[in-house]
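Next comes just one chain, in structure tokens: the form predicted on its own.
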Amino acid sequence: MFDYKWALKELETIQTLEQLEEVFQKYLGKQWSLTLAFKEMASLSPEEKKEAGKTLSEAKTLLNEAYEAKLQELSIYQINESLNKDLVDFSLEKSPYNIWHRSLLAEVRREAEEVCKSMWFIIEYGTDVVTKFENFESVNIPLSHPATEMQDTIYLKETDPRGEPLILRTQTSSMQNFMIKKYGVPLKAVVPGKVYRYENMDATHDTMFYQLEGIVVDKWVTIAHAKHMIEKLLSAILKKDVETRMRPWYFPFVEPWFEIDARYEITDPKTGKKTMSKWMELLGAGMIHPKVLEMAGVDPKEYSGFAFGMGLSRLAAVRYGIKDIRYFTNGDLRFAQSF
């Protein structure tokens, strides 16, 4: 008859999962001791079968329980050993190298997005590569406009479905038509992102810079709504109480259009005297042209709206007193880490 007590003693001496597997196959596997003992019952009398069956069933239960307990014990031990090897000594000195550093532009963009979210704007990034229709015609800029020429627009070799060359977007306004069609009206949405223009680079111009485009479309929207919202938005981004003024200007996709200047109170660090800063041109805004609404399938007799576009590079420069926007993209870590 199968001696399960010896098997139990052998299980107690096991120290590794590999040894445990060997013992399992030896006593509980399909071709080993306990299984064979059950098969040998066929030659026994009915009375002997009854007694042997009871004994072997108890042995199988005890062996399985002992095996499971040993398996859990060894598994926990193995996990703890692995964790002890992977422990990190937090008392070690800090590495002199920084793993990463968020750029100033990225920081300002993220803050601007959070401000817009708090004002219930949808955030839509769009794509850097757009069609000529999206960049020009959808916002009421005819293809005969000088802005479509090579000296202003960067063209790609690839073409759109109409066979027209694809371009790098020159303005985030190229998303207006897409957003209105995607979300419908009423709508409050902003597009933060990069735009590209063929420019001579200097302290205030670059071939790539960041814009923040916003549109609001609803019934009975007026210029007063635009002025109030833009003041609140600028104050939150610049972290100052901002005063704005609006000057008439012209752009094809809005009517009327305004250049918006801003100023705010500054304090002399030496004397503590408070004065107003000079007026600075920060953005453009205006009422969305009826043709732009019609292009997007919106009835301009029922809905109106305003759009605004501001350069995030310029806002960051004003907020931190930076005189040359090329510092943002020249890769100098001394500049990046000074903020």
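Take the two forms, find the largest set of C-alpha atoms that superpose within 1.5 Å, and that set is the rigid core. Everything quoted here is computed from the prediction, not taken from an experiment. When you see a residue number, it is the position in the sequence shown, counting from 1.
The same protein also exists as the form predicted together with a small molecule; that form is not shown, yet it is the one meant from here on.
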Problem set entry | Contact label in the predicted bound form: residue 70 to the small molecule, heavy atom within 4.5 Å | no
Problem set entry | Touches the small molecule in the predicted bound form: residue 291 (any heavy atom, 4.5 Å) | no
Exercise. Is there a non-hydrogen atom of residue 178 within 4.5 angstroms of a non-hydrogen atom of the small molecule in the predicted bound form?
Worked result: no
Problem set entry | the small molecule contact in the predicted bound form: residue 209, any heavy atom under 4.5 Å | yes
Exercise. In terms of non-hydrogen atoms within 4.5 angstroms, which of the given stretches 250 to 258, 236 to 244, 182 to 190, 157 to 165 touches the small molecule in the predicted bound form?
Worked result: 250 to 258
Seminar exercise, completed: Picking from 65, 58, 281, 299, the single residue whose non-hydrogen atoms come within 4.5 angstroms of the small molecule in the predicted bound form is 281
Problem set entry | in the predicted bound form, the one of 109, 227, 197, 263 near the small molecule [non-hydrogen atom within 4.5 angstroms] | 197
Exercise. Taking the rigid core as the frame, does residue 281 move its C-alpha by 2 Å or more between the shown form and the other one?
Worked result: yes
